[in-house]
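Take a look at this single chain, the form predicted alone, given in structure tokens.
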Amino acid sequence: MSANNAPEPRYWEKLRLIAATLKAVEGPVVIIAHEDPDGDALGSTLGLYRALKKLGKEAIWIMDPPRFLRFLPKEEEYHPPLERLPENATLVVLDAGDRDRAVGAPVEGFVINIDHHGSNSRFGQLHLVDPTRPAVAMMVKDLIDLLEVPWDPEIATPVLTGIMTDTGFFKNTNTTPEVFRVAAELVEHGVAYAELADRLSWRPPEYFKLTSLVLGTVAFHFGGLLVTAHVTRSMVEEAGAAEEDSDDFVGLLKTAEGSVVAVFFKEREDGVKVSIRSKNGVSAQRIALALGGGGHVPAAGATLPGLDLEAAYPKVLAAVEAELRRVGLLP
């Protein structure tokens, strides 16, 4: 990256090739992202889908978004998962670190892979992976510019959503000056920013019931350097909530004063999912990799199959302890 956070020339070279490929496509373009989609997964895919439709392409968008994002897609834009790709289809996979995380359609045929996870396996015939980009939605914004599709609020709104959510609403360390410039440009394209920011913060009543239960599990470790909490399936049931209602609790945990790592444990039928956030030079990515997962330096995650919470806690705490020792915060 250059001093002004602009992508390197190689980035633009690959992106121009992807844009030229999509412009030349005559068959359907199927667009998918990773399992358990977040704002960046939805925003980047939906923005590209709408841009390609405006370009006159036969585009198919496949996603089952969480409840707080379902106000963005229109009912007619949803498409059920595909067991087989249509004939002569091009598959675009966004924001998925490897082919096994992509859901909605088989990852086969001609695949375009665009992502910002450093651990991406570089699958597909065309792949552009740039860990310096704060959100895949930033990359899609650049791609739409190269496609020369006229911007409108319908395209700009999901793209800005992806940027807002993956930068923690402009609070994370990946919030560069370029992020603000791009966000301002998207607002100039007609995004109702205040309305969008407010709508993204809405949560159902069950969320608040679940929050009260989760807060009772908060614990501090290593002198307060690590803060943890968890949710069980019975807690979700007691609150009458959905599993996805706990997805942003890790963001609450990371605000704990004095902590440099926050870990949220989510009990699932087949194991435990952990979401990790870090700051002050501590790498959530390293912790996640030690647990068989991946992600970014400030935000990462892993799934621990076959474990319950009792077994997951010591395993995760050991990985966090190793990282805290690496950076010199523990002797």
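All values derive from a computational prediction rather than experimental measurement. In this text, residue numbers run from 1 along the sequence as written.
Although not depicted, the form predicted in complex with a small molecule is the subject of the following passage.
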query: Residue 303, heavy atom within 4.5 angstroms of the small molecule in the model of the complex; finding: yes
query: Exercise: residue 294 in contact with the small molecule in the model of the complex, heavy atom 4.5 Å; finding: yes
query: Contact label in the model of the complex: residue 299 to the small molecule, heavy atom within 4.5 Å; finding: yes
query: Contact label in the model of the complex: residue 277 to the small molecule, heavy atom within 4.5 Å; finding: yes
query: Residue (of 189, 127, 101, 79) lying close to the small molecule in the model of the complex, criterion heavy atoms within 4.5 Å; finding: 101
query: The unique member of 230, 117, 209, 221 whose heavy atoms fall within 4.5 Å of the small molecule in the model of the complex; finding: 117
query: Among 267-275, 44-52, 59-67, 22-30, the region lying within 4.5 Å of the small molecule in the model of the complex by heavy atom distance; finding: 267-275
